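Take a look at this single chain, the form predicted alone, given in structure tokens.
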Amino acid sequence: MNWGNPYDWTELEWQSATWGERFMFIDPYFWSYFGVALALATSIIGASWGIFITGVSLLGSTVKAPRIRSKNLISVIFCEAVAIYGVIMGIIMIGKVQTIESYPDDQIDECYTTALFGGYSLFWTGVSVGLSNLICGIAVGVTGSGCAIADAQTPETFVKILVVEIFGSALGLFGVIVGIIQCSGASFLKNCLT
């Protein structure tokens, strides 16, 4: 089946197609894999951004107070967890994608619609998981940066700020939970027979 052109449109018909029709005929597997890539890439960008923010302050603060060096590495670990959330979601999402091996000619519309729903579902899962992990990584990085600076000045503030950092890290976990709920409806039927 030619997923990109299931109705075998001519060049003239493609030129007169609306934007909605053009988006409708983008391969569902493209949407799926693009969603997986978004979840992975933006989660990793969020983690690296958070590590960058935290690391700079941590290194600068250890000049004044070398004792905070190992204690404040917990902030870097929280940032790294954000990338792991993206990898976990990528594995879950890629497990949903299956190649459609057979379909009856009279049910091509139903098979294509089912595949398109699965593709869109995985795409938007990738967007929501990726954005939540991007924001989570930045939030944990900024909080970890403040934690390192505050701990260098006043050691009693470390545990209090660490609690705030834990709640910031939970945002990424919420994104993973929402992503699991979103992609639970995505399905590619191996044999599209009703």
Partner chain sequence: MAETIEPSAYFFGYIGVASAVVFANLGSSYGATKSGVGICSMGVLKPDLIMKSVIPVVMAGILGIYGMIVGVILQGKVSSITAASASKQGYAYLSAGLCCGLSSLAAGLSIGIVGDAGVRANAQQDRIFVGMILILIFAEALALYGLIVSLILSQTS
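Numbering follows the first chain given and starts at 1. Given the structure is predicted, the values throughout are model-derived calculations rather than measurements.
The form predicted in complex with the partner chain is left out here; the points below concern that form.
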The stretch from 51-59, 163-171, 146-154, 133-141 that lies within 4.5 Å of the partner chain in the model of the complex, judged by heavy atoms, is 51-59
* Quick one: in the model of the complex, does every one of Ile108, Leu116 and Ala186 get a heavy atom within 4.5 Å of the partner chain? -> no
**Request:** Find out whether any non-hydrogen atom of Val63 is located within 4.5 angstroms of the partner chain in the model of the complex, and reply yes or no.
**Result:** yes
Under a 4.5 Å heavy atom criterion, is Leu40 part of the interface with the partner chain in the model of the complex?
yes
Taking heavy atoms only, is Val127 within 4.5 angstroms of the partner chain in the model of the complex?
no
### Query
Just to confirm, Phe158 within 4.5 Å of the partner chain in the model of the complex by heavy atoms?
no
Near the partner chain in the model of the complex, with a heavy atom at 4.5 Å or closer, the residues from 83-97 are Ala83, Ile84, Val87, Ile91, Ile94, Val97
